[in-house]
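The chain below stands alone and is given as structure tokens, in the form predicted alone.
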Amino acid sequence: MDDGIDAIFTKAKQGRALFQDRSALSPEFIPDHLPFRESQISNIAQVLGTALHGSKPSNLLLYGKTGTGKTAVARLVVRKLQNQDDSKQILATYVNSRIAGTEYRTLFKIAEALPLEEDKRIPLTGLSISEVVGRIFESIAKNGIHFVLILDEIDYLVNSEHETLYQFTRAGEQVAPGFLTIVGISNDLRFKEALDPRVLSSLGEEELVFPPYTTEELRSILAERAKAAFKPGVVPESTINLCAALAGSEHGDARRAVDLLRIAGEVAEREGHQSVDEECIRKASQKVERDRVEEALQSLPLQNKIIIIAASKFPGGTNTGEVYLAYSNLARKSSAEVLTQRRVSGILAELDVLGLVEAAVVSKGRRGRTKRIKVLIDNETLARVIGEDAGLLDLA
């Protein structure tokens, strides 16, 4: 085994390095120039610019599909806003609510950006939500902070029983003489429909919809990123074109396009190629798709995972009633609440939209129509994700 490892490392040393700055293709990289988003950048800058003379900017809601530049634009504008702040009173932070995982951890990440006193710092666990919110507001007020909070995937806070989002949008006098401005980001174009009217009226003071990129726009973006990330001559134009076409067919997702190019470069290096060819892009596309499915599955609530496990018991597909019977047994086995058949049917429809199950309506002649449910996740991926969740191990 050691000889095999040495052989891999020897091959890596002898191979040609194709990247000159791999970070230019990382998800965290925010370029100084974001083409085809000049209008959105200008609008957000005009809204947030009032902070430079001590006035609270309106809250912003940015929404559009994944990979349309919402996060990159928001972070770029806020970074430049802070660079222009001579008073150094403007603090900002970025938190992805889904990655944080829970409401408490989202607040913990927010608090990390603030100058809390030693005895007011937030522990990883142990405080009530109201106490954490109170300490955040107290720090903003006491230090007169002009706080800009970018909340990505804000959807994950919408159904909070503690109404944290409502409290944040109505902070007002609680944080004076400082202020709190929220830049909320959602991938769901119907996000507003789920908002409490009280939250919507204050969160959506300014709204921007980010349209998908066209294939030609993606090609231009990729060419610019490739120039920064790779050594000269490594990425031919045909590779850029294929990468843009594949991502363009996925609703203009620039994030997917950049990921494709990065992974294709890594494939080319591992296989000892002198350039990133079209075959590398195709291999990268297969890997990105597997990773997308796995990430989507990992982020699902417990009930959704149990429903998928139940449906996976029928490899050839089955009807909603059979899935519900299997789900009910698994839910009881896991001590989870047993949802109604109507709710399970609704969740199956949501999983269909995500591409994790197929819920096709089929005709049964005189007996009417029914849904044919079939899991679209391969057994290996499903087993791996279930294996990572201790609460699901006995259900597989």
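What you see is a predicted model, and the numbers here were worked out from it, not measured in a lab. When you see a residue number, it is the position in the sequence shown, counting from 1.
Below, we refer to the form predicted together with a small molecule, which is not included among the displayed structures.
The stretch among 115-123, 213-221, 132-140, 303-311 whose residues place heavy atoms within 4.5 Å of the small molecule in the predicted bound form is 213-221. Contact check for Val258: a heavy atom falls within 4.5 Å of the small molecule in the predicted bound form. When the small molecule is considered in the predicted bound form, Leu339 lies well away from it, no heavy atom lying within 4.5 Å. Using a 4.5 angstroms limit between non-hydrogen atoms, Gly69 touches the small molecule in the predicted bound form. The closest non-hydrogen atom of Gly49 lies beyond 4.5 Å of the small molecule in the predicted bound form. Note on the partner interface in the predicted bound form: the residue among Ala254, Ala226, Val95, Val78 having a heavy atom within 4.5 angstroms of the small molecule is Ala254. Of the listed positions (Thr318, Asn187, Gln167, Gln82), a single one reaches within 4.5 angstroms of the small molecule by any non-hydrogen atom in the predicted bound form, namely Asn187.
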